[in-house]
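A single chain, nothing else alongside it, follows as structure tokens in the form predicted alone.
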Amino acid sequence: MVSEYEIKKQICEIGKRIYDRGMVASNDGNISVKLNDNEFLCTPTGVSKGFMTPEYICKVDAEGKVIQANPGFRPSSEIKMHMRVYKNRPDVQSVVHAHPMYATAFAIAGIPLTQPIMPEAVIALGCVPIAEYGTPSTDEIPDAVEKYLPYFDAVLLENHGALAFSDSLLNAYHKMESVEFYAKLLYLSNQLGGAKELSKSQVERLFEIRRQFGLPGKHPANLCPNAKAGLPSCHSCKGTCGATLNADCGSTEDLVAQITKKVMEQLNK
């Protein structure tokens, strides 16, 4: 079993990676790891993620309250956002928040990452919606993010940055790296005249590959409420399918009616 000290070292290593890759500036970003249902390690507020040592890392409970922190350090002011992810996603063991340049630019422009432009992004991410703007360190961001948690493993934060989460610290970091790579490719392809998107049938084949691999996490391949109803899924509804009550998905009653209709159509064939 990995010791807490080793996990703290790993957090520092990931912090250095996101700093060195330009995913954060100055004291931006935060990282957390779940130890058990009531103990979590997290980065402190007001320090550069590129220069941390294990002594910087704080321990908090499920409410974000300090269990242990060395003098001069206190948990990230965004710990509420992390705790909301853990509360709604028991499968998640780590959360990474950063401000990667291209992904954050999309978040600022209000453009979700929904275009299917490369197989790896379709399989790993599906698509990345945008959670509505919230004031940092308040409950506004956790509230905005919450409705996307059942369907996605990464979310853009409007005018703020990006959030990624997974079943390990390394995988959460990889999700963040994938989001930024996806955003950069999409930006550059648009400068070259526009991205050539994968077809619906190609996307469905990739979704099936993901299902066959049994990859962990949440993904539109089998969780998108629109896809379940036989309606356009993430790549054609511009990421709005993460919210079950919106114009694209309709009300819960409408969704049930649509699903029933599809089932009856199949039975009558």
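Since the structure is predicted, the reported quantities are computational estimates derived from the model, not experimental observations. Numbering starts at 1 and follows the sequence shown.
The next section is about a form of this same protein that is not shown, the form predicted together with a small molecule.
- None of 199-207, 63-71, 50-58, 26-34 except one has non-hydrogen atoms within 4.5 angstroms of the small molecule in the model of the complex; the exception is 26-34.
- With a 4.5 Å cutoff on heavy atoms, Ser76 counts as touching the small molecule in the model of the complex.
- Residue contact check for His97: one or more of its heavy atoms lie within 4.5 Å of the small molecule in the model of the complex.
- Residue contact check for Gly214: none of its heavy atoms lie within 4.5 Å of the small molecule in the model of the complex.
- In the model of the complex, the small molecule lies within 4.5 Å of some heavy atom of His160.
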